[in-house]
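Encoded as C-alpha cells, the following chain is the form predicted alone, with no partner shown.
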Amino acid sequence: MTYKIAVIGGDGTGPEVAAEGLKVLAAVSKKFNFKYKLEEFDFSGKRYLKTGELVSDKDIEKLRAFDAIYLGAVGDPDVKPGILEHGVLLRIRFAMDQYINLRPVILYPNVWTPVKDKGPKEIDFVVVRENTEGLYAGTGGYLRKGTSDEIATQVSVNTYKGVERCLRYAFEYTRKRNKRKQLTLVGKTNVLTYAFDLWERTFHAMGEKDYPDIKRDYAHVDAACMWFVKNPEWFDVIVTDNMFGDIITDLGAMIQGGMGIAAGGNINPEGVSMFEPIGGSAPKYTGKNVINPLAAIGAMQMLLETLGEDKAAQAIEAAIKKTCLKMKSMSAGKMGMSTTEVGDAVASSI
C-alpha cells in the first residue's frame, strides 16, 4: 500500500520542523517496507497576505483524498491573530470532522520537568479531547453590544452523538494502550450540571455495557490540574470536553518538558486525520536552524500509529528517546544540536 500524505509546512519554523519529520518518515519507511506519496499545500500567512486566500472548499475536497495530513505550524506575525487559526487549522478540523484531539503527555529520558521528584515512570498519560463541540461550536451572540447593558453569551454545545463517539474512542484507545487500563473523565459535574450529566451518564453506561475491563474514574477539572502537578502517575488515559481539554493539555505539555516536545493529532477515526507539533510557528527562530523538531517528529509517530503502522511508530518513539539522551536541553538554541542534527540523530537511530 502507498499512503498519500498531504504536507502543510505553514508558517515560521513550521516548514523546518516538518522537514525533519519527513526525514524520519523516509528512514522508517525503508526499514518497515511501506511506501508513501507526498503532496505539499501552501496555506501559509505569506500566501494569505499576497492573495487573500485561505483554505477553500476545493482545497477541502482535495484533502479528503489523502490518508493523513501533516502540519508544520500556523501563525504569521504579519497576519492579524485568529485569521490563520480559523481559516486554516479550525477550517480543516471542522470540515474534516476531526472530532478527537489526541495529546500524549510523555516525559522522555533526560528531559527536564518543572515537577519535582517525578520522572518518565510517573509522567506517561494521554488526553483524549472532544474536538468539534462544546464552547468552540460558536453558538452564542451579543445583545445591546457596545452599551452599558451589553450581554454576551457563549453556549457549550454537547450532543449525544458527539459525546458518545468521543467516549468510545477513549475507551478503545485505553484498551489498545493496555497499560493501567484506566479511563478518567474530567469535567465539572458540580457546576456544569447539564453538559456533564450527559457526559457522565454516557461514560458509565458505555463502560458498564461494553468495557467492563476498563477501570472508570472521574475528576473535576480543577482537581485534575492539581494532580497533574502533584500526582501525574495517577493518570493513564483522560477524556474530556473541548474547552477543558484545551486547557489541561497545555499544562500537560509543560510537565512533559515544554511545547518543543509536545505533539498532537486531530483525528477522524473514519476519515482523514491531521497531525502537528503543538509549539506554534515560533517566528523569531525562523531560518536559524535552532528550533526543536522533536514535537514534529512525535507528530509523525502519531500519524503512522493512526494509519496502523504500529511497529514504525514504536521505532520512532525509541529513536526519540535515544536522541533525548544526546541533547543538552529541549529549548530552541540550547539543545547542543541544530534542528537538522536532531532530525539526523532520530533518523539514524531508526
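Predicted, not measured: the structure shown is a model, and the values here were computed from it. In case it trips you up, residue 1 is the first one in the sequence shown, and so on.
Keep in mind the form predicted in complex with a small molecule is missing from the figure; the text below concerns it.
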Quiz item: Based on heavy atom distances of at most 4.5 Å to the small molecule in the predicted complex, which listed stretch, 198 to 206, 117 to 125, 88 to 96, 185 to 193, is the contact stretch?
Solution: 88 to 96
Quiz prompt | Partner contact for E164 in the predicted complex: the small molecule, 4.5 angstroms, heavy atom | solution = no
Self-check item: in the predicted complex, D246 touching the small molecule (heavy atom, 4.5 Å)
Solution: yes
Quiz item: Is there a heavy atom of F235 lying 4.5 Å or less from a heavy atom of the small molecule in the predicted complex?
Solution: no
Quiz item: Any of the heavy atoms of F171 lying within 4.5 Å of the small molecule in the predicted complex?
Solution: no
